[in-house]
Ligand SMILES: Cc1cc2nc3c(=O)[nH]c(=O)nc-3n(C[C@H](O)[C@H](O)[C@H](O)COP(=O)(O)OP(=O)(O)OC[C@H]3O[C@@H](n4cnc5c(N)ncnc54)[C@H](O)[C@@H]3O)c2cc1C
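Take a look at this single chain in structure tokens; it is the form predicted alone.
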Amino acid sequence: MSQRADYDVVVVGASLAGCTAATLLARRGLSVALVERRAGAGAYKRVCTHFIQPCATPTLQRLGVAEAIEDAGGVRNSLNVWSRAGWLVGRHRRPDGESSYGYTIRREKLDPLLRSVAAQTPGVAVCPGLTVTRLLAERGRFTGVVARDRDRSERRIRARLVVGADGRGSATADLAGIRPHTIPNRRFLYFAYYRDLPLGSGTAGQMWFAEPDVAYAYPCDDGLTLLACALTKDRLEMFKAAPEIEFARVFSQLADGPPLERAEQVSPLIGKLDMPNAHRRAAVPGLALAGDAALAADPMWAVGCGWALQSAEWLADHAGAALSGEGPLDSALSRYRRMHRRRLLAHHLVCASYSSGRRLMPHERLLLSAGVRDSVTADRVAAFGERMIGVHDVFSPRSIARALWALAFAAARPPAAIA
């Protein structure tokens, strides 16, 4: 562990957002202390469905880890969506004409990979086994942290910028007095891993809007498939009474559902019972938040990993330029805060709205139904699901008009499109 007391940046949390921010900031020639309360280099987030949306693929490529993810068995992902109208199969296209893709890889592989990249980046000092207990502040801005090690001795780490990347229940944000705006989540989620589970979509993931319930299947590394279901909380007690039976029942009732009897369940059921939607102000003088510390959405939509990577990259670009002498830091943090809000908040509110347990709204059902018939609508819905376009783009008058045209005039596409 480095004993240096002063850094350009101290990043609290060595998971996806923290490691990404630390790596990109250090590549600018800045000194970064990466503080992590867990001591083991192989530590990883255990309760996560690890579907990295295509919106974050450019960040992984910039980090230089995309090839390593594939070498570790990570699957290039895409998603087919079922509603009562049938299967929607859309593909957003990159500028080079190829279909966009993200990755599905378990966190036990991804987290140590990104932590290793950060640790090997010149300028990053990894500080494991430290728990932040206090923030340092001078003249109305944050200037560092006080952290306690396992022997309960304290260490002061001063920095020009403090980054909180310590997850949904961010202690950094709480210590800074940045309170979350929360929206209740009236669904609970259970998931498990299966080996050798055949899907009609091949390596593409599948998602079912079996209103009001939702289920999905994500192929991932080592020949495994993650199955998950998000159900309304009025069913929680019944589910907890016989979770294995109820979980299997959910998938047995799905259209074109995966044949669980032909696969081996290789993990226990893992539950997320209370995951409120929360967003915080992403930056104040001397301190910024990234990943779930800034915005924690309903996990059903699998946006957490991608947004952690993206928000860390945005922060590194804005703050890194200022810390390198290109303008005032607080102005850069204000730009980051505005960008974070502009790019993510509307998506977050849509996710939070559906977490109420409601059924699809008419405009949502319209687009899903039209996407079954019309490839243009399907591709637009896919781009929204991959978080490549915004809420106003997918629900624009032009999109709605195209969907209405498709329902009136387009011929139904063959259901074999999911294969």
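Keep in mind the model is a prediction, meaning the values are calculated, not measured. Don't overthink the numbering: it's just position in the shown sequence, from 1.
What comes next is about the form predicted together with the ligand, which is not displayed.
> Given that the ligand is not shown alongside this chain, does residue 21 nevertheless sit within 4.5 Å of it in the model of the complex, heavy atom to heavy atom?
The answer is no: residue 21 has no heavy atom within 4.5 Å of the ligand.
> Indicate whether residue 132 is a 4.5 Å heavy atom neighbour of the ligand in the model of the complex.
Result yes; residue 132 sits at the interface with the ligand in the model of the complex.
> Just to confirm, residue 45 within 4.5 Å of the ligand in the model of the complex by heavy atoms?
Judged by the heavy-atom cut-off of 4.5 Å, residue 45 is in contact with the ligand in the model of the complex.
> Do residue 12 and the ligand come within 4.5 Å of each other in the model of the complex, heavy atoms counted?
Flag for residue 12 set to yes.
> Which among 277 to 285, 245 to 253, 123 to 131, 230 to 238 is in contact with the ligand in the model of the complex, heavy atoms within 4.5 angstroms?
After filtering at 4.5 Å, what remains is 123 to 131.
> Sort through 194, 218, 209, 87 and report the residue having a heavy atom within 4.5 Å of the ligand in the model of the complex.
Contact with the ligand in the model of the complex is made by 218 alone.
> So which of 183, 345, 171, 329 gets a non-hydrogen atom within 4.5 Å of the ligand in the model of the complex?
The option sitting close enough to the partner is 171.
> Looking in the model of the complex, is the ligand within 4.5 angstroms of a heavy atom from every one of 107, 302 and 305?
Yes: each residue has a heavy atom within 4.5 Å of the partner.
> Residue by residue through 22 to 53, which ones have a non-hydrogen atom no more than 4.5 angstroms from the ligand in the model of the complex?
In sequence order, 35, 36, 37, 38, 45, 47, 48, 49, 50, 51 come within 4.5 Å of the partner.
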